[in-house]
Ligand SMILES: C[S@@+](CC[C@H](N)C(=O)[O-])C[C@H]1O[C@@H](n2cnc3c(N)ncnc32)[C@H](O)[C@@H]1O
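The chain that follows stands alone, in the form predicted alone, written as structure tokens.
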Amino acid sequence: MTNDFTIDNVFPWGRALAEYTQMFALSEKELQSSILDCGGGPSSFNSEQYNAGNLVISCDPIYQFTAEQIQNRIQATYPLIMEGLQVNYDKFVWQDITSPEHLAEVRMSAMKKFLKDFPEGLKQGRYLNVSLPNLPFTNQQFDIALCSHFLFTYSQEFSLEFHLQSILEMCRVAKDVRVFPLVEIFTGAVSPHLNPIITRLRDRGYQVNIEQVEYEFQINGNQMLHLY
């Protein structure tokens, strides 16, 4: 991440626990383990897990801003995101989520839960203003590290080297690493970084698999990268 990160760089779009469970093929037992959510943004995963008695640490530079600032940015970008969904309508699977309007309801519900939880969660240290590829945790501190809709999604904005260093850092702090999805935003094309990353990780001795998951909203976006 660059040092010039501002709220104006952010298009907040949060996802819920049910989506995380499907995106990352998380079992009930795994949900009860120690989890790091990298690039968590305004998702309700942390909040819902906390209310279920489970602990998640979420990392994102957006957490340097106040709940009010994040809420204002959500409102400001909402029309732009909805416009993008309409323009790219045919690039999504409208099944479990039946329409852009339905998606907006699901996302806004998740983000409202996040905003309600954020001030207290920040005090408790569940939300940290931290950016990949530098994580302030000890080796193997977490059972699982997740990264949703950041790595590979924005391949044009972030280099191959950034992706490699980010995933290696996640592997350093967690025993099990999962990244979803493996396709770029809107195009649905598999990230050009994916195969070189897999090769370089395997060369370093990591067990790396591409695994199919139950979740598919973006066409072809139904696979995760799994390292352990």
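Each residue number is its position in the shown sequence, starting from 1. Just so it is clear, the model here is predicted, and its values are computed rather than measured.
Absent from the display: the form predicted in complex with this ligand. The rest refers to it.
Put simply, of I197, I62, V173, L182 only one has a heavy atom within 4.5 Å of this ligand in the predicted bound form, and it is I62. Y154 is the sole member of Y78, F92, F137, Y154 with a non-hydrogen atom within 4.5 Å of this ligand in the predicted bound form. At least one heavy atom of W13 is located within 4.5 Å of this ligand in the predicted bound form. Although the partner is absent here, S43 sits close enough that one of its heavy atoms falls within 4.5 Å of this ligand in the predicted bound form. With a 4.5 Å cutoff on heavy atoms, L132 counts as touching this ligand in the predicted bound form. For F158, a non-hydrogen atom is located within 4.5 Å of this ligand in the predicted bound form, even though that partner is not displayed. Picking from 144 to 152, 82 to 90, 95 to 103, 117 to 125 the stretch near this ligand in the predicted bound form, with a 4.5 Å limit on heavy atoms, gives 144 to 152.
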